[in-house]
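Below you'll find only one chain, the form predicted on its own, shown as structure tokens.
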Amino acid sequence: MRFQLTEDQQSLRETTAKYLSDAVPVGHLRKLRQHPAGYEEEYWRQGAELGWTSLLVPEERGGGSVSGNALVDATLLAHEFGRHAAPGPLLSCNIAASVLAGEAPTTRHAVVLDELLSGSQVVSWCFTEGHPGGHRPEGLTLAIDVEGDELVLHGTKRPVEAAAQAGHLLVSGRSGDGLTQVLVPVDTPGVSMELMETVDLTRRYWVVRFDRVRLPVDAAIGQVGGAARQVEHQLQLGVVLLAAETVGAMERGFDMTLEWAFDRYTFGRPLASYQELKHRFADMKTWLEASHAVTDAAAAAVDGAEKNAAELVSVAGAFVGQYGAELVQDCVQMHGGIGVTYEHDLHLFLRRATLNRTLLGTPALHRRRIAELVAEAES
């Protein structure tokens, strides 16, 4: 990212980059293609020790950011995950940690948070539902009903990252006219999972079904029916983290292609000397710098609870979602035949950018959201 980094932020970023380069070099990612989880448990535990799951958690709850701007710090991690096409449920675990730390702790939730921060447990966020409108809080249809002293969950969530590796699921659903969030142990009767196929080599996504799953009322996080603002904030965090990760993948692809264009000669000239390619590189550099800027602005707005935070988040989601995959696709084309081979590294970053643009709303959905917010502001 393009923030003026403090010494602590720079240290966080460099430490993460070095660890990812050592633990999951690009060549190792291909070996993880057949791994059930897409990553090793020890890799994730060591990452948690480096602060991967604690930045959005207040210091008094066992976390703490390095600069006081929690989301800005988290985008530094996401950016490096994109630059390395790194595995691991960074987004889900950070969203879950921020939610569990944001409410008055119950014994049940406090234990899960401690395990999440230590890296000994993964918590998966069950939010999107895979139907039109299922990427927005107001479009959620999974039912969380109160029956006596129990909560009853019925519905389907998809895609859910690392669901089979999780000990608990953070489920967002509808209770009458409001929203509720519940922490669900994965071994609860009525919970079933089905593995999805995605383009990413190391990330595993699942369809998770809840067939009248029964839990005690104290499994709810916060007030039943009163989680709408909380869920909206989680969505903003998620979109910004995805955008930051995509920018990292864009940057890596662009750097690789620029180096290739200067090293590769044709008709006695480097590819970078051809005017048509110069123009395309200029376009790509513009997209990259604009993606940096809009993601930075969205992160700062969410951290500062600014009035236009929701609009800036969707601007980042729309812009980075559109130009992220397009930039890396151009990088592939500029490499020629070698760029479309499995042995070349570019496809790892194209896969990451392509998947990210769909997870929490496509560019078209974010543009629609921007139009709705502008209309609300003018009315």
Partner chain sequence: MNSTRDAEDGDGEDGDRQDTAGFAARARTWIEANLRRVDPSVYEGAFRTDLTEEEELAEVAQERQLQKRLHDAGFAGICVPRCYGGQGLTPAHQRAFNEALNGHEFPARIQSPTMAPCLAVLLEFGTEEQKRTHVPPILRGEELWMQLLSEPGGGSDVAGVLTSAARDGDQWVLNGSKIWTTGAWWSDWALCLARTNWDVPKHRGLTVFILPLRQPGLEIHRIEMLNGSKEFCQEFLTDVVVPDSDRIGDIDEGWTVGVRWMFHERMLYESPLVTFPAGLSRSFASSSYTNLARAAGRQEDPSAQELVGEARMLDVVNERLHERMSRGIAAGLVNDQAAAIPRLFKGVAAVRLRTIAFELAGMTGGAWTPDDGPLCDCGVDFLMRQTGSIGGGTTEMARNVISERVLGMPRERSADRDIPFRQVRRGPSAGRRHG
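Positions refer to the first chain, counted from 1. All figures in this text were calculated on a predicted structure; none of them were measured in a lab.
The same protein also has a form predicted in complex with the partner chain, omitted here; what follows describes it.
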Original post:
So which stretch, 108-116, 91-99, 193-201, 176-184, is the one near the partner chain in the model of the complex (non-hydrogen atoms, 4.5 Å)?
Top reply: 193-201
**OP:** Please state whether all three residues His135, Phe281 and Ile338 have a non-hydrogen atom within 4.5 angstroms of the partner chain in the model of the complex.
**Re:** yes
Original post:
Tell me, which of Ala48, Ala318, Ala310, Leu55 has a heavy atom within 4.5 angstroms of the partner chain in the model of the complex?
Top reply: Ala318
**OP:** Using a 4.5 Å heavy atom cut-off, state whether His233 contacts the partner chain in the model of the complex.
**Re:** no
Original post:
Are any of the heavy atoms in Val152 no more than 4.5 Å from a heavy atom of the partner chain in the model of the complex?
Top reply: no
Subject >> Gly222: touches the partner chain in the model of the complex, heavy atom cutoff 4.5 angstroms >> reply: no
**OP:** Indicate whether the partner chain has at least one heavy atom within 4.5 Å of a heavy atom of Arg269 in the model of the complex.
**Re:** yes
**OP:** Residue by residue through 279-295, tell me which have a non-hydrogen atom within 4.5 angstroms of the partner chain in the model of the complex.
**Re:** His279, Arg280, Phe281, Ala282, Asp283, Lys285, Thr286, Glu289, Ala290, His292, Ala293, Val294
